[in-house]
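Read the single chain below, which is given as structure tokens and is the form predicted on its own.
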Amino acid sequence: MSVLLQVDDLRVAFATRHGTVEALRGVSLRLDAGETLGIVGESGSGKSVTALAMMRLLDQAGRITGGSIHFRGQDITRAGRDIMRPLRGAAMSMIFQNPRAALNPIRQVGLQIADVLRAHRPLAAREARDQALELLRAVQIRDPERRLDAYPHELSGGMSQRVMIAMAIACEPSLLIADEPTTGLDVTTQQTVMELLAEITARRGMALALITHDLGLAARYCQRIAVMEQGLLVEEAPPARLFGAPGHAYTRRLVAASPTRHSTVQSLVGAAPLPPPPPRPAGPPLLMVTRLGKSFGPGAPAVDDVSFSLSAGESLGLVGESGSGKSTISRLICRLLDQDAGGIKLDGEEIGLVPAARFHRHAKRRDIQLVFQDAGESLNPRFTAAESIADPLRNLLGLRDRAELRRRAAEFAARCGLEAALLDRFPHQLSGGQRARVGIARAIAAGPRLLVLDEPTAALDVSVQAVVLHLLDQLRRETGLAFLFVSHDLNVVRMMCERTMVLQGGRVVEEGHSAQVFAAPQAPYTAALLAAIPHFEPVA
């Protein structure tokens, strides 16, 4: 195979208020024509900086301080705009992590695809529109004629990602860089997107650089995998060798922290098994949901005739594709939405009769708390960590004494493993794992009995995710909290939840003990979800 891209001893630095930060410290890698290379590592390892440097898309604060980048034999390390503009989109292209942020929100997607085509080819508007339609068909988007005139906010996450892929392949580049292209997608949509990328790159002879923190995804789709840590490439090998016998200590830690079909929460962090939770009190369940229904306009309901119960100290996982009703159910139970039908009882009291707009004043408000998917987005940017944790103490328990609020905030922070020195920091000054701990501490501060966890670790690196999951598992066992765990990561649900409920199109298609559901699924839909999980099997 001929070498398409050659990176030698690449060094990149960023100017910050606190001085110069070295983001890449001598990275060397190659990508052959038609090859798929995985680049893995945690946040801050340099994966995305490497991709942006290869595309020459570093922002003004970043600059290449050493090394070289050769594309198709041409040195582009310091190439100007006149050289890079015709290459980008036509010869090399990039799929960004967050398609909704990358797409223009006020321009129809068909016009955005046409913009790419017309930037590199002399096409009339009608020709460009026809080719844009063909590209939407090529990425297998549903009802492409209608989607052509849609705006990004009218598309699901999976559809938005397909539009990004259509734009990236529009001019048939020889190099495609995909930066976390499936983050936030459910397993079946993720599989569909990756199979589509694999099929398109193979059919068109493209090379693909797949940047991901999901080792299972890299194992399934990449011929070689490069592991990055703190701006260095520390190991590179085919998947079987890399996961079968990782040579570098950092690779071994990544492999150990990545959930597999046989992991336990304790094995991910190298901890001893936790003692069994205390016996559950006899009596009626803590939460009883009966024939719950919710629609958002005409058509198929978002939640249709859903019933289940949850005992004190028990953990129940809700799984299913995007649009299956998971998040709607969690918002109904938290009384952030009013249901159209059915009942919700907490401790035998019908809270479903309390309008969502008034539930914040209800005595049961403190008993149900929510841990959000993106802790950074859910924390008040003007509140320090201590103020965020103290907020429910003030609003739900009526505490006003500043010293007592500070003491209680510090207590819950310590319980969640957050250092006291971090309490006076604002969200933007905290790492993803630290923000997640603040979000959990805030949720347990008011002494709830039920925690609704909506994808609480989806945005975290695998090692941070492992620590946060272990913390949550400890909290449930020690305090008797009940968990309603919403996630598209089925391995996480298997480890964290005693029971699993599978949703499809707003209805329950399977429910049972997690071990049984995962080992011998009864519903074809459940079997399809499990089959879509990308995985690797490390050698013990």
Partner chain sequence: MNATLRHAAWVLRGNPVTLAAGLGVLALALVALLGPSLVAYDPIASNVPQALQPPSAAHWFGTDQLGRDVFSRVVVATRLDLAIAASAVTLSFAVGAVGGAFCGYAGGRLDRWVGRFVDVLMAFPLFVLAMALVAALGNRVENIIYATAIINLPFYVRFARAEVNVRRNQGWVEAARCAGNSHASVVLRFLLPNVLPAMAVQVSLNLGWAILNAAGLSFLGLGVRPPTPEWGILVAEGARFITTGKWWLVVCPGGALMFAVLCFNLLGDGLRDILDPRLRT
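Residue numbers count along the first chain shown, from 1. Everything numeric in this text was worked out from a predicted model, so none of it was measured.
The following text describes the form predicted in complex with the partner chain, which does not appear among the structures shown.
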Sort through 369, 324, 182, 251 and report the residue having a heavy atom within 4.5 Å of the partner chain in the predicted bound form. 369
May I ask you to choose, among 331, 120, 345, 470, the residue with a heavy atom within 4.5 Å of the partner chain in the predicted bound form? 331
Any of the heavy atoms of residue 391 lying within 4.5 Å of the partner chain in the predicted bound form? yes
Within a 4.5 Å heavy atom cut-off, is residue 149 in contact with the partner chain in the predicted bound form? no
Partner contact for residue 296 in the predicted bound form: the partner chain, 4.5 angstroms, heavy atom: no
Can residue 162 be called a contact residue for the partner chain in the predicted bound form at 4.5 Å between heavy atoms? no
Based on heavy atom distances of 4.5 Å or less, which listed stretch (255-263, 301-309, 316-324, 382-390) is in contact with the partner chain in the predicted bound form? 382-390
Pick out the residues of 10-35 whose heavy atoms come within 4.5 Å of the partner chain in the predicted bound form. 17, 18
